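One chain follows as structure tokens, the form predicted alone.
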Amino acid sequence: MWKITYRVHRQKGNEPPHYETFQVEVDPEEYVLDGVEKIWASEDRSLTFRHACHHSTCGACGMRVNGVEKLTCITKIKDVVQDGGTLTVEPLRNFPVVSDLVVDLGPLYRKMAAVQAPAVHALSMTPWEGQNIAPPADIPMRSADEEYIRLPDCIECGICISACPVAATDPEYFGPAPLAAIQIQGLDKPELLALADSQEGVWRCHSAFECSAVCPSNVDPGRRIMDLRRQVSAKRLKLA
């Protein structure tokens, strides 16, 4: 077992942000999230953080670990700190802090909805087909030849937005995940073309590729934004 120091960002309500330290005994094979849970269970029940699936599916536990965006449920302690060292855990950047390590991801969800990539989307083949079970009334049925257009593999964790240097300076910028969602769908819809080819669309990206470097799902939003630029340029030439 190792003994390490967790340096944890704390912020409640309107109080200024500060850091508190906790000495935690951990197995180096455990994950950063395990240590945060130990602090909550044994040291401070007021510590606020998000977690759910513990296997990189839900995206709830996105945080900054030693300054780098990570899903803490799949980040092993031994990969980010040594025995006796200090591990700093902070909330994601570029989102309002709700409490301690929790941020408001509402801006991301609203932008995903604006680019027609809602959090809940009907699949081409629904699980109710061939079963004597009625689908929920608020989920439309889709025909088998319709394409499932939500961004594959994106778990909407917000990590790409946190890492994006443009998002840090311009909250209106659509950002990596929403623009990647447009790239997946293509630009046949005029409204998506207008969003992509706007001041807060693909031309606002500085091609830093920080988003792709930290994406835990290998969506590669940086590459997708570059491809979307190509698509927008082709549309411009065709319409000229």
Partner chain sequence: MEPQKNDPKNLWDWFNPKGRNVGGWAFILNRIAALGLVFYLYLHLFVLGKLAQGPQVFDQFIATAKSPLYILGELLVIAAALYHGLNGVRVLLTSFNIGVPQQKQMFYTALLLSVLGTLVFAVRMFTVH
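Numbering follows the first chain given and starts at 1. Small disclaimer: the values here were computed from a predicted structure and weren't measured.
Another form, the form predicted in complex with its partner chain, is not on view; read the next lines as being about it.
Participant: Quick check on residue 87: any heavy atom within 4.5 Å of its partner chain in the predicted complex?
Facilitator: Looking in the predicted complex, residue contacts with its partner chain do not include residue 87, since no heavy atom lies within 4.5 Å.
Participant: In the predicted complex, is there a heavy atom of its partner chain that lies within 4.5 Å of any heavy atom of residue 186, even though the partner is absent here?
Facilitator: Close contact is absent here: in the predicted complex, residue 186 is far from its partner chain, nothing within 4.5 Å, heavy atoms only.
Participant: Does residue 193 reach its partner chain in the predicted complex, with heavy atoms at most 4.5 Å apart?
Facilitator: No.
Participant: Would you please decide whether residue 169 lies within 4.5 angstroms of its partner chain in the predicted complex, comparing each non-hydrogen atom pair?
Facilitator: Taking the distances in the predicted complex, the answer for residue 169 is yes, it comes within 4.5 Å of its partner chain.
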